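Shown below, as structure tokens, is a lone chain in the form predicted alone; questions about how it binds or moves come after it.
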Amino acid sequence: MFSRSQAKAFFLIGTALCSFVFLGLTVDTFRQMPQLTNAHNLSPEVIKGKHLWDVNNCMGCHTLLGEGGYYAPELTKVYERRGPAFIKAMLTDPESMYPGRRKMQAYDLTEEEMDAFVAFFKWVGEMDLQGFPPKPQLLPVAVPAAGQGGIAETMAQPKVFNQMCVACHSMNGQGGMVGPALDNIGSKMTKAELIAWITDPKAVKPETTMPKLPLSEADVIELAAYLTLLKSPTSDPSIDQQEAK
């Protein structure tokens, strides 16, 4: 049992020690901040992207680095998760990417402003955040099943598939539910049909809700070749590989 003088001394010494530790940790944090945030990569384009983020009040709906609203998706790792093509597509016309499911305003941004946003998200995503935000404990997205003729071994899955396609489509139950599942799409469409569809969906089917994606010709061809291989287990593997070429 402390006496009054001992309790006072304990309080003062404890407060002083805790204050010293707090100040030390604060100084150390500021010392490490330039390295952890890659401050040397703060280009004029990144700074412009940060300015656009602020003036458009993006934080009113989105969360970035743990701060912001929870109405819309968290964007700290959006560059890694979705890639630049998807980001620019959302900034161009949010409603077309998720018909009837996204209420994000179209801000009528210029190409230069969208590039600045992409640069800003890339810089944020490359920060060393000591494991924040934690990655969700989910099964790998859109991995072909083992019984589909060795698809995973015959052709690498295009990066754009998991960045853009699974936003609306699913495979093996993983992914979006806006569009049809893609597990056996190769049994329904040829490579030429897939190329035409991916290039301009509305030119093939005017009433479709799928938007025209901002993909390069090389991306379209690679994606179509991959999708051609997604057939039912009863398909002939030799034919699958011939159609993918």
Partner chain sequence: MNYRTQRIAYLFFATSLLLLSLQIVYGFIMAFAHSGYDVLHDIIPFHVARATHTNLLVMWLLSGFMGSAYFLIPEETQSEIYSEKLAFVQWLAYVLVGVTAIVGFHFHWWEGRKFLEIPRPLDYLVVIDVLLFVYNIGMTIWYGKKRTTTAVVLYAGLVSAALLYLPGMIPTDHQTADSYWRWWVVHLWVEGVWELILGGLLAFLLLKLTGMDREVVEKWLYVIVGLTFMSGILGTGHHYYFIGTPSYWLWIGGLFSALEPLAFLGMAVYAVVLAKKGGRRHPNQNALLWTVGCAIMSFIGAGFLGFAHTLPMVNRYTHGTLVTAMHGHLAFWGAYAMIVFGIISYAMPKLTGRKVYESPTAAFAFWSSNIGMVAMTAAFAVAGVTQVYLERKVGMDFLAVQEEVEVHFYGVILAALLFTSGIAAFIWDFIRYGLPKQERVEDVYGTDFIGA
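Residue numbers count along the first chain shown, from 1. Since the model is a prediction, treat every value here as computed from it, not as a measurement.
From this point on, the text means the form predicted together with the partner chain, which you will not see here.
With the partner chain left out of view, the stretch that reaches within 4.5 Å of it through heavy atoms in the predicted bound form is, among 65 to 73, 201 to 209, 188 to 196, 215 to 223, 65 to 73. In the predicted bound form, the partner chain lies within 4.5 Å of some heavy atom of residue 129.
The partner chain is not shown here, and in the predicted bound form it never comes within 4.5 Å of any heavy atom of residue 158. Remark: residue 181 does not count among the residues lining the partner chain in the predicted bound form, judged by a heavy atom distance of 4.5 Å or less. Mapping the unseen interface onto this chain, residue 121 falls outside it, with no heavy atom inside 4.5 Å of the partner chain in the predicted bound form. Contacts of stretch 17 to 46 with the partner chain in the predicted bound form, defined by any heavy atom lying within 4.5 Å, are made by 18, 19, 21, 22, 23, 25, 26, 28, 29, 30, 32, 33, 36, 37, 42, listed in sequence order.
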